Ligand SMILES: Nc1ncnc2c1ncn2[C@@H]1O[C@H](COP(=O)(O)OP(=O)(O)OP(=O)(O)O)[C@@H](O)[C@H]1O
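For reference, the chain that follows is the form predicted on its own, supplied as structure tokens.
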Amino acid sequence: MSQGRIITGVDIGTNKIVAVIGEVEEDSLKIIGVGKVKANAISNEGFITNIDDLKSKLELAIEEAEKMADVQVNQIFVNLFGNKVKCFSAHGEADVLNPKSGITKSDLMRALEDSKHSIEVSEDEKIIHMLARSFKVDGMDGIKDPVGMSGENLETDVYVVASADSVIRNIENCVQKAGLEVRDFVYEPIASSEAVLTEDEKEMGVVVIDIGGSYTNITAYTEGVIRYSDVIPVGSNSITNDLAIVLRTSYDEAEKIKRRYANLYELDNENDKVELFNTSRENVKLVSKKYINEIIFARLEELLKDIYGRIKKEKLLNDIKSGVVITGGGALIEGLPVYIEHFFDMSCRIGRPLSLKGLFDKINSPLYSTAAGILKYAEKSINNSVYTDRGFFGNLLFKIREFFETYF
């Protein structure tokens, strides 16, 4: 039985549920349990379609991780998924109470609290994250930590993540049915980035592309802080669906073909053929690997054009000096990093969980990036209170305190 502080991160995806249990001891995070089960209870839009089915799969994933870790889990940190999430900037400011003595955390708290006046969310939405990106002291900007500095006026630029309350409550209901409690939510793009990025990459500028089952998460960092995040409702399942339609085969057969033969280096391989069942599985036909990968390439090209356009619209392309990091199940497509390097004209690598100890070999794959990132985020905030329904302003103040406990 482990003796350290136990935390659990759960990634609820469209194709799988992953539970990762970690032990925190002396500022280190050690993986002690991993559970993974197939699941199909999330729609392509990111909505829960069957709470009871999702609950049973969640129980299986948690049970598998518990057995490996020899612990019992009561609370979990879980990903916030789907397209009912909005991200935006907010601004706050405050007069420094004692300018000669220097800015204090109390001054920062008041500046962050003041940002509520520029936050536009409805009563049906909840704040999930408030991330202070930079500060200004008496008009001087680009300051990351103003504590101790002299000045009379403090301003802050805050990155806010909010979600529809219905999404949060559905996830909470599912988790509660499984006999667990949601300690807090972590926005999926932030979780993946937490797992796969180095601080140098964030500082120099980087884009994370997390290709999941039904959607792709994009996150951009520059100067060490998050600048942009978004969700595109296209993922690896879209590729499978394209293969099934074009090749006139079943979805399951198309998925097998994708897993076995997806390879962007095979675009010129006309001679190599593979056997393919039709929809009724009564007849077999031969299809070239070239044709299969042309179908895959077309969907990926469309996705990358969309991502490139969004990053360009945000005027971030020139600030991305570290290049692109791809993660999620879609990152395993052979040849994709090379194609992205060509498409974006910048370097690209596959992102796997970094800086973890223990059963690292169990999660050393892009498939586990979100779950590992949730766990790393949880490590920073294990002293936070459990997420509760406190209304808009109560929840806002809770998230401000969370910011200080996590980053200061």
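When you see a residue number, it is the position in the sequence shown, counting from 1. Note that the structure is a prediction, hence the values are computed from the model and not measured.
Missing here is the form predicted together with this ligand; even so, the following discussion is about that form.
Proximity to this ligand in the predicted complex, defined as a heavy atom within 4.5 Å, holds among G92, G205, G213, P146 only for G213.
Of the candidates N173, Q75, N153, N237, N237 is the one whose heavy atoms come within 4.5 Å of this ligand in the predicted complex; the others do not. This ligand is not shown here, and in the predicted complex it never comes within 4.5 Å of any heavy atom of K305.
Shown alone here, R259 lies within 4.5 Å of this ligand in the predicted complex, counting heavy atoms only. Contact annotation: L332 falls within 4.5 Å of this ligand in the predicted complex, judged by heavy atom distances. The closest heavy atom approach of L367 to this ligand in the predicted complex falls within 4.5 Å. Comparing 125 to 133, 92 to 100, 213 to 221, 313 to 321 against this ligand in the predicted complex, the single stretch with non-hydrogen atoms within 4.5 angstroms of it is 213 to 221.
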